[in-house]
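Let's start with one chain on its own, the form predicted alone, as structure tokens.
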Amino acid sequence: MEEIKLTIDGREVTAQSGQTVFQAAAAAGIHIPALCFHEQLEPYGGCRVCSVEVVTGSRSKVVASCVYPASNGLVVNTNTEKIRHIRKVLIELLLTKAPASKPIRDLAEEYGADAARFSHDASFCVLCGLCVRYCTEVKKANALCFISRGTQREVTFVPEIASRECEKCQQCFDICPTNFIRANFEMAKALTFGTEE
């Protein structure tokens, strides 16, 4: 693998080609918060909490660091006032969906986020996709999927598969940042998996 050099928060960092900015920063000990990142899964960029600013010449843009490729000469700022404001708003929106989530509450405290200025019915799922992707990419079970689009999007179990796979697996329960998938499973089991005679 080719070695590349980039600058993150004023520090020269060495990374491997193919790594994302998030991976390069983590390898250098630079913390970037994220909710939808998991080391066993393909990068997703769903939560956008890992947003950073990349600078090219006199221009900059905000990108999701978990999907943005590290490259030679790239300049990255992970903790500017602009980035902290973006994260704060994202966290406030996530809080409206999952107000009891410990990882989100911890981030809210770190960024001074307050969900009170947004109104939204709690869904308890932040659509980070960790459960769906883990089930598909790691377990190869495909017992979970997304349905619908936009504001109607949600995670659901595929009853024919979940009824035989999920009870014995349950590995996605531990990676869900809101614990929603555990409750969703119990509800799906009761309503759609059917009962054995």
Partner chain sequence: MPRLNTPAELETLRKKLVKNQSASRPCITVCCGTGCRALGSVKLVDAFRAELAKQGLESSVDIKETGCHGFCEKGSVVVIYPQNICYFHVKPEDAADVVAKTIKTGELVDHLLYKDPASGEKLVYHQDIPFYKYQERTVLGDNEHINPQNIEDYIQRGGYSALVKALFQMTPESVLEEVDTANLRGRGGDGFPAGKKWRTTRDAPDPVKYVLVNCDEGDPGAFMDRSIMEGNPHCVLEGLAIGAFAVGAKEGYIYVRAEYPLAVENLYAAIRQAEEYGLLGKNILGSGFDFIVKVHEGAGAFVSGESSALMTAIEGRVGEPRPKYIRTAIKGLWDKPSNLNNVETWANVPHIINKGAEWFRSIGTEGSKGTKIFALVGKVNNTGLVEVPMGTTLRDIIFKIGGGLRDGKKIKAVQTGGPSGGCIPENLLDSPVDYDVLSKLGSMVGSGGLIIMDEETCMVDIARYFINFLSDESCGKCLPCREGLRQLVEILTRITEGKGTMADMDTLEDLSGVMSEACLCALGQQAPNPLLTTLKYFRHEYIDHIKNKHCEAGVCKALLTFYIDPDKCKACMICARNCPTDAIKGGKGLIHTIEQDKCIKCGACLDTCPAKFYAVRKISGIPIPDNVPSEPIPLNRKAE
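Numbering follows the first chain given and starts at 1. What you see is a predicted model; the values in this text were computed from it and never measured.
Heads up, the form predicted together with the partner chain isn't pictured, but that's what we're talking about next.
Engineer: The partner chain isn't shown here, but in the model of the complex, which of 134-142, 25-33, 167-175, 148-156 has heavy atoms within 4.5 Å of it?
Structural biologist: That would be 148-156.
Engineer: Is the gap between A162 and the partner chain in the model of the complex 4.5 Å or less for some heavy atom pair?
Structural biologist: Contact check for A162: no, nothing within 4.5 Å of the partner chain in the model of the complex.
Engineer: At 4.5 Å between heavy atoms, is L41 in contact with the partner chain in the model of the complex?
Structural biologist: Outside the cut-off, so no.
Engineer: Looking in the model of the complex, any heavy atom of F37 within 4.5 Å of the partner chain?
Structural biologist: Heavy-atom contact with the partner chain at 4.5 Å: absent for F37.
Engineer: Please check if V126 has a heavy atom lying within 4.5 Å of any heavy atom of the partner chain in the model of the complex.
Structural biologist: The answer is yes: V126 has a heavy atom within 4.5 Å of the partner chain.
Engineer: For a quick check, can you give me the residues of 28-54 that have a heavy atom within 4.5 Å of the partner chain in the model of the complex?
Structural biologist: Counting only heavy atoms within 4.5 Å of the partner chain in the model of the complex, the contacting residues of 28-54 are E42, P43, Y44, G45, G46, C47, R48, S51.
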